[in-house]
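Starting off, we have a lone chain in the form predicted alone, written out as structure tokens.
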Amino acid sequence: MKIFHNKADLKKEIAFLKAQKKTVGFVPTMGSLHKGHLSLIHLAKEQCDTVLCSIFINPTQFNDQKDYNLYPRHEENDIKLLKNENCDLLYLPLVDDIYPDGVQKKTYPLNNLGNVLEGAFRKGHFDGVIEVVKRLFDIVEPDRAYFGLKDFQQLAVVRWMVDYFGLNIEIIGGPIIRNNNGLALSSRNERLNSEQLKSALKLSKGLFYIKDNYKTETFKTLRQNVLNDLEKDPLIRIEYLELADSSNLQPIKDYSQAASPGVFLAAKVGEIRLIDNIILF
């Protein structure tokens, strides 16, 4: 695996590959890799000639400086994992390489997509996502880019961005990878202590309960049942538990209002914020 720390060298490598008509699959990450990230590497390996992973903890998408400072960093282990998965290239830049003119926050006309769910609770977050992903796409010029469906709204925002800028990049979503207890894998999970982990398992349990019972109960009833259960746990603070149209993330009240409704959840377990979702049909 070749490792690049600056975009000039990486762009030369990409140009060399493109001259050979090699397709490039790109998996952008913030590191602290787990099986969810590695599943995207697998998918890219199946579909592309060359796979490039980036590890960059982007400061513009954190609303809370403390959250940015505490975000897990395991560069040495990440490199080992990527080598084991036969990843071809790794881009490991410093902030100055991505933001040579300094970190700047811009705003983008996401409209309704940016005002719901994560957008309502993390103002400016998706502007930061767009800013860094666009810069990475400009450097890498991938044929395909891979994002996990756990961050469902982020994937929708990236697809919006590709249309907005007219980029010729295929965006592919990889399935949510869960542990044996159903918890969606996340880099933030490692910050959970044993007691918090037990509480966190209740989040995915609630989503699966809704999926198992939506054919016989209204969402309003199921949602209240889940909230009643979660609110008994002093470690859990729910931010949202909502039914939405998975095609545009707009809220709906009834399953019949969308061709493919999903349930979207965000909660803090202790001070660690987790998100999850499940598509009903």
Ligand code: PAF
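Residues carry their position along the shown sequence, with the first being 1. Keep in mind the model is a prediction, meaning the values are calculated, not measured.
In what follows, reference is made to the form predicted together with the ligand, a form of this protein that is not presented.
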Inset, instruction - Using a 4.5 Å heavy atom cut-off, indicate which stretch of 128 to 136, 177 to 185, 78 to 86, 110 to 118 touches the ligand in the predicted bound form. - result: 128 to 136
Inset, instruction - Would you confirm whether the three residues Phe152, Leu274 and Asn277 all fall within 4.5 Å of the ligand in the predicted bound form, going by non-hydrogen atoms? - result: no
Legend entry - Tyr209 within 4.5 Å of the ligand in the predicted bound form, heavy atoms: no
Inset, instruction - Please run the contact check for Phe147 against the ligand in the predicted bound form: heavy atoms, 4.5 angstroms, yes or no? - result: yes
Inset, instruction - Determine whether any heavy atom of Leu241 comes within 4.5 Å of a heavy atom of the ligand in the predicted bound form, and answer yes or no. - result: no
Inset, instruction - Find out whether any non-hydrogen atom of Ser246 is located within 4.5 angstroms of the ligand in the predicted bound form, and reply yes or no. - result: no
Legend entry - Candidate from Met30, Leu38, Leu222, Leu235 lying within 4.5 Å of the ligand in the predicted bound form - any heavy atom: Met30
Inset, instruction - Sequence order please: the residues of 58 to 72 with a heavy atom within 4.5 Å of the ligand in the predicted bound form. - result: Asn58, Gln61
